[in-house]
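In structure tokens, the next block holds one chain alone, the form predicted on its own.
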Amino acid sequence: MAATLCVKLPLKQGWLPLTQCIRHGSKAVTRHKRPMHFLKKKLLAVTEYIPPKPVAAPGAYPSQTERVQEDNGLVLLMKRDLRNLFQDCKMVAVLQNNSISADDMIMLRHRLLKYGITVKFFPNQVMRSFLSDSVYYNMVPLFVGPTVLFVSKEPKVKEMLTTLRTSPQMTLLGACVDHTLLSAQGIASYSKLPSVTVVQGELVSGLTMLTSRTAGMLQHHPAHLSALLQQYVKQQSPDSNTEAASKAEEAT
């Protein structure tokens, strides 16, 4: 506690008595919070009053309903072209354009046209909107950044990979071949497979060889059996017995 020293000054005529207070010593701090028990803190936290949020006036916030933007005529036309493209073409490859020049793109399109492969350009927004409502929705992640489509009515995978070796600016991301989604590695494996005509010829030759062997095996046993039966008949006939006896007499 602070100590106070009071000094009384001598009284003078016509003056009021004066008292001067002098404070000295340390100042006592009495505003420290008392320590509270941990359980009491938890109880106060649990039972704390939470006032309800004020209800906003109607029209203060924008409506939460999503606004569906209708496609314009150009977008509908491009979606129709994409639908026909996926129906008619057996190979639709997605490639990323890494800043290829206009002259190199013209040369690449000319090389691809020799094999019947066409280059198509569609906006990514239209592609994602079309693929999200189709069976090819797994191709949506491929359309990020500048992309190009290589399409052909026949799966010319080997010819496409051979042509892309001369254009390192084009990176193959994936493709849809014969209505099957393939990655870049899957496309490389698909290109190593033999053609359909070769596989059909091998299958036909294998089947004909098996049928010829089966027919030969089926004909071998009846022929052998008929030969044995003919020999037995000859042995049991009387002419054969007399010929055998005469041969035995001549030998003796």
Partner chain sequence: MAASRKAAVLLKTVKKITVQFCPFESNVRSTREFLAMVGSEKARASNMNCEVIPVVKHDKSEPLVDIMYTDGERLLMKGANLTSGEMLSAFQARCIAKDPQAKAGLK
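Residue numbers count along the first chain shown, from 1. What you see is a predicted model, and the numbers here were worked out from it, not measured in a lab.
Just so you know, the form predicted in complex with its partner chain exists too; it's not on screen, but the next bit is about it.
For the options Met78, Met105, Leu149, Leu172, the residue carrying a heavy atom within 4.5 angstroms of its partner chain in the predicted complex is Leu172. Ser183 is the sole member of Ser226, Ser183, Ser195, Thr208 with a non-hydrogen atom within 4.5 Å of its partner chain in the predicted complex. With its partner chain left out of view, the stretch that reaches within 4.5 Å of it through heavy atoms in the predicted complex is, among 134-142, 113-121, 154-162, 83-91, 134-142. Taking non-hydrogen atoms only, Gln125 never approaches its partner chain to within 4.5 angstroms in the predicted complex.
Although the partner is absent here, Thr166 lies well away from its partner chain in the predicted complex, with no heavy atom inside 4.5 Å. Residue contact with its partner chain in the predicted complex: Ser129 places no heavy atom within 4.5 Å of it. Although the partner is absent here, Asn72 is not a contact residue: none of its heavy atoms lies within 4.5 angstroms of its partner chain in the predicted complex.
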